[in-house]
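A lone chain, given as structure tokens: the form predicted alone.
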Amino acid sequence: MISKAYVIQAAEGIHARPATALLKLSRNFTSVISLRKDGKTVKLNSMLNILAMATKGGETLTVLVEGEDEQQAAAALDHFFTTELKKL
């Protein structure tokens, strides 16, 4: 299992547009991907799960990836949180 924490750099946090992009990205992998914030963990398999986290800019979100392609999934998610999220 790969686990990595990210401080959300986008001032607006994770709203509908980034949540949609994150969901689409996660569907490219077979690994189980989860998000954890404030002790709550949800699977990254539904828009409602992502939006229910109500992640704002400056908050810390931990990504958990487990499965056959976890290395590739973790790398893609790392790129999303460090580069792509700021543009959405």
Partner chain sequence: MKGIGVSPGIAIGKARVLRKKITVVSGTRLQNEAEIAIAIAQYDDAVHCAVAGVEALRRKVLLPEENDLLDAQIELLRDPQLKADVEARIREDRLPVQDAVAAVIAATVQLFRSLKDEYMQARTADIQDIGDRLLTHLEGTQTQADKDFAPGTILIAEDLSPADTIAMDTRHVTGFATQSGGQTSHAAIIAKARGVPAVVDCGASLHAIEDGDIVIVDGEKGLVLHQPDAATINAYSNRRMQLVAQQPPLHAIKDAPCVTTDGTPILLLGNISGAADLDLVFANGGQGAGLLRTELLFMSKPGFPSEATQYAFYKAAALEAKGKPVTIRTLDVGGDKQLPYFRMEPEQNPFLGYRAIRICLDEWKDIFRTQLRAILRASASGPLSILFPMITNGEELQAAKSLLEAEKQALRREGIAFDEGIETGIMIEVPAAALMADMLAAECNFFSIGTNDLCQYTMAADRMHPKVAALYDPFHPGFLRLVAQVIAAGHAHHIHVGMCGEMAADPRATQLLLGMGLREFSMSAASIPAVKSRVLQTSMEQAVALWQQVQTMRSAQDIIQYLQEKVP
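All of these numbers come straight from a predicted model, not from anything done at the bench. Residue numbers count along the first chain shown, from 1.
Here the subject shifts to the form predicted in complex with the partner chain, a form of this protein not shown in this document.
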- Item | Any non-hydrogen atom of Arg36 within 4.5 angstroms of the partner chain in the predicted complex | no
- Item | Proximity of Ala76 to the partner chain in the predicted complex, heavy atoms at 4.5 Å | yes
- Message: So in the predicted complex, is the partner chain close enough to Val65 to count as touching (4.5 Å, heavy atoms)?
- Response: no
- Task: Look up in the predicted complex whether Ala52 has a non-hydrogen atom within 4.5 angstroms of the partner chain, and give yes or no.
- Result: yes
- in the predicted complex, the residue from Asn45, Thr41, Thr30, Thr60 that sits within 4.5 Å of the partner chain by heavy atoms: Asn45
- Does any residue in 10-24 get within 4.5 Å of the partner chain in the predicted complex, counting heavy atoms only, and if so which ones? Ile14, His15, Ala16, Arg17, Thr20, Leu23, Lys24
